[in-house]
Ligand SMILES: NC(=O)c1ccc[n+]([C@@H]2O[C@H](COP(=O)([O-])OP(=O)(O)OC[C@H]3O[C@@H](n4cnc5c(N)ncnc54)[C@H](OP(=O)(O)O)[C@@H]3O)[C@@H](O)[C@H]2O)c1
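Okay, so here's just one chain, in structure tokens, the form predicted alone.
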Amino acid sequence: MKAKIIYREDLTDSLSIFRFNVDVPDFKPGQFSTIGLPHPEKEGKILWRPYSISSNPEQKDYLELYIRWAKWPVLGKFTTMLWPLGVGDEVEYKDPKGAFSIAHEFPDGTPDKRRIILIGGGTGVAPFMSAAASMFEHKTDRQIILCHGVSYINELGYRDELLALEKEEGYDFKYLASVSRPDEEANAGWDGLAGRVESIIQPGEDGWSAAERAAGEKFTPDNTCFYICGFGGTVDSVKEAVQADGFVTKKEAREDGSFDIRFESYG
């Protein structure tokens, strides 16, 4: 299938929001779509890359992806071909798929009412933008705390939209952003949280994390669950931080099948 670019917003020279004109199917927030371009080395072949969907499934006007031009540690073959494209250009497209999504029930079918902590590093915020907007549309009564970590202020994609969600009546949503290089000139004026995204859920000198202070109580497996998306190192750091407090992944699930940490890693 073909997908036409109908909107592109460049946050930096290597970070952009793309919207594609496709017949948007039903999908779950957290899933990914795959786009393709002609393979630069294999004639007649398509080079495919999956990206988490940042738009929510309730709107059907477009499919939105949040993409970084990979330059480090090696130049990304696919994104280097994608980056010159703009409105009106087409890519190949495959419908959404993937197992990473928000669970609202325990394995035995009872509702999971626990607080949801969404932790995204860099473009890892994309599936959580989709989830946050979708849960607002469905009027969830669960508390949602979205934690986003970046190196520079201008990489805080969706900041305005997420701050707007904080103000919505009847939606218990909180947005916590952290900048890992607060002393650099490009971040002049930043007065928010400082450090990598995992620092938002790590205890400070008072024994409380910034996320716990925002929630107003300490996190336990009885009241909180975690969703993480980002580079492998980020995911591992967050898992290590919360596993020390008794939170477990699916691999370590309890006898009743319950667990508290879901994650999607890349790179």
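All residue numbers are counted from 1 along the displayed sequence. Owing to the predicted nature of the structure, the values given are computational and were not obtained by experimental measurement.
A second form of this protein, the form predicted in complex with the ligand, is not displayed here; the remarks below concern that form.
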Partner contact for Lys28 in the predicted bound form: the ligand, 4.5 angstroms, heavy atom: no
Indicate whether Ala215 is a 4.5 Å heavy atom neighbour of the ligand in the predicted bound form. no
Examine Pro96 and determine whether its closest non-hydrogen atom to the ligand in the predicted bound form is within 4.5 angstroms. no
Even though the ligand is not shown here, does Tyr266 get within 4.5 Å of it in the predicted bound form, heavy atoms only? yes
Here the chain is shown alone; which of Lys174, Arg159, Arg114, Arg196 has a heavy atom within 4.5 Å of the ligand in the predicted bound form? Arg196
Please pick, from Ala210, Ala241, Ala70, Leu37, the one residue with any non-hydrogen atom lying within 4.5 angstroms of the ligand in the predicted bound form. Ala70
Looking at heavy atoms inside 4.5 Å, which stretch does the ligand contact in the predicted bound form, given the options 159-167, 105-113, 179-187, 138-146? 179-187
When the ligand is considered in the predicted bound form, the residues of 120-145 having a heavy atom within 4.5 Å of it are Gly121, Gly122, Thr123, Gly124
